[in-house]
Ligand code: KG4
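Coming up is one lone chain in structure tokens, specifically the form predicted on its own.
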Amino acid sequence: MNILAIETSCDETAASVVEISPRSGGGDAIRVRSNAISSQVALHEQYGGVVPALAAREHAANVGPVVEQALRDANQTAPVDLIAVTRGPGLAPALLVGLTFARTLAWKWSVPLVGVDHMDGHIHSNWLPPSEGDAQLPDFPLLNLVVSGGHTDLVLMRDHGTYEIIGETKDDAVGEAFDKVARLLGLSYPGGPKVSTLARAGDPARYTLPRPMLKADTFDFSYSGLKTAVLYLIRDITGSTRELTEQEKADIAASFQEAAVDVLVQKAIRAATQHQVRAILLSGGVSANTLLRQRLDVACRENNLQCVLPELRYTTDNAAMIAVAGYFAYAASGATPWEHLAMDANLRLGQNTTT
């Protein structure tokens, strides 16, 4: 089956053609035939964040050419077998552009259409094949640590599309906290990667910062207090008389990152142990964070767990992950008539319905 996927949930216009077929011995053979992305980072950088109206305008201008590029790169000359499109969560104006384009193609080509939860796509980035070989995942149940600008969730996965959120953030998501700390340090958008880069030159033990909810008897998270602690730390250091030195900025970034990652890893290991899973999967934009990937891998090995990390090229928003999630959604529930598929900007993981 050849799947055309379209992703426009935020500031990346993406399209991909992915070929998936069941193996005779079990499992699925997955081949990414193309993965085209047009980024809007340079546009939104001057505003310090994504402007929904501008994002929608750029998606409208780019979605056609990006889809054409994906089809051309895949040498796909005939209509595909299935179209998958992100229907939520995300920015409503941006989602609507991709959804409208996908519905039009499904009607024009008379091919099945399936709507995909964006976070389900991030989870399924772990099924995308690495540069060499296939993704090797153990049997269900699996635990997903989903970390992004809008999500910090621990998700128990009993099958494709069968999810239980056993822990979630009570305020800021971890990616949102990275972005807010970046602004406090005077770093430009997108702030999260810049904090991580700056932290490489810093001392993570220089400043003691809190680990909110680390000792709580739940798997929930909280990052608002950590962000506020950084704000007060900066005020204590600088007073009203001077700016932070570059070394102080690096030390603050490193200390913040250390605290943020420490909570994620410890909570994930505890949840995996309690629910007796074989592996922890890392998903979402923050899954590109080097320290998080290293610490989670080490902690998993120390606790006899498999650590599954998505390829770095699939950690950001892309359409290949939407194709894989769409494949399993279609296998479970079939297609949705194009006229019934609706956008849901506040879609919650595990509640993806057709309308």
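Not measured: the values here are computed from a predicted model. The numbering used is simple: start at 1 and walk along the sequence shown.
The following text describes the form predicted in complex with the named molecule, which does not appear among the structures shown.
- Residue-level contacts in the predicted bound form: of Gly150, Pro129, Gly161, Pro112, one residue has a heavy atom within 4.5 Å of the named molecule, and it is Gly150.
- Only one of Gly285, Gly202, Pro212, Gly88 comes within 4.5 Å of the named molecule in the predicted bound form through a heavy atom, and that residue is Gly285.
- Using a 4.5 angstroms threshold between heavy atoms, Asp172 stays clear of the named molecule in the predicted bound form.
- For Ser196, a non-hydrogen atom is located within 4.5 Å of the named molecule in the predicted bound form, even though that partner is not displayed.
- Among heavy atoms of Asp317, some come within 4.5 Å of the named molecule in the predicted bound form.
- Residue contact check for Asn35: none of its heavy atoms lie within 4.5 Å of the named molecule in the predicted bound form.
- Of the candidate stretches 76-84, 241-249, 117-125, 264-272, only 117-125 contains residues with a heavy atom within 4.5 Å of the named molecule in the predicted bound form.
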